[in-house]
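Presented as structure tokens, the chain that follows is alone, the form predicted alone.
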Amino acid sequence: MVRIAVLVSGGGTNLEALLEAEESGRIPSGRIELVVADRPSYALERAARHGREAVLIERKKIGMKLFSSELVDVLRNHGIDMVILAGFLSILPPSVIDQYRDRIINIHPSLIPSFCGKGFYGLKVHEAALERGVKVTGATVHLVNEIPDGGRILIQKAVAVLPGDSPETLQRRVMEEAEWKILPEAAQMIAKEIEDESR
């Protein structure tokens, strides 16, 4: 069984989708062993409700260098095999990426290569999509490398932009119709690959 850590920054809706998927048997190759937040977050409460260990490492208080080393230590100490970024707003430094090369996935709320890269996160992505006037948006799960949103694409799912959408209504639809479906699917895909490699 692949041991998974989920890194979060906010409310943890994607974390909830992952936990529910795992508990219903849709991630048979992995188990979420640890949730790490880089700031005080409601996601930590979600983790506790599901009986998962949760750790807070406040990046802004300790700085990126110390945050990186503490994060690597926590992941190692828990025997983590794979990392999922689920609404995680810090850019992982190369020292962390190197430890988990091709074993870190991220969910991004657009169809990469549109509206992605540095500065595109949260509502900013949906504001940009509406400003540009696109008729279709969606979500992408990709492997994480040193380029923000630059790793190999694993799964994408399109979502219609409707007349009268606000950034908030569009964000909600992208989460419900795309993010919460493809993130567990990609988690199983990579966990299965890791599981197969270790046999």
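Counting begins at 1, following the sequence as shown. These figures come from a predicted structure and were not determined experimentally.
One more form of this protein, predicted in complex with a small molecule, exists but is not displayed; see below.
The small molecule in the predicted complex comes within 4.5 Å of no heavy atom belonging to Ala186.
Contact check for Leu71: every heavy atom lies farther than 4.5 Å from the small molecule in the predicted complex. With a 4.5 Å cutoff on heavy atoms, Ile107 counts as touching the small molecule in the predicted complex. By the criterion of a heavy atom within 4.5 Å, Ile182 is excluded from the residues contacting the small molecule in the predicted complex. For the options Val83, Ala129, Leu92, Ala86, the one in contact with the small molecule in the predicted complex, meaning a heavy atom within 4.5 Å, is Ala86. Contact with the small molecule in the predicted complex, defined as any heavy atom within 4.5 Å, is confined among 53-61, 167-175, 26-34, 145-153 to 167-175.
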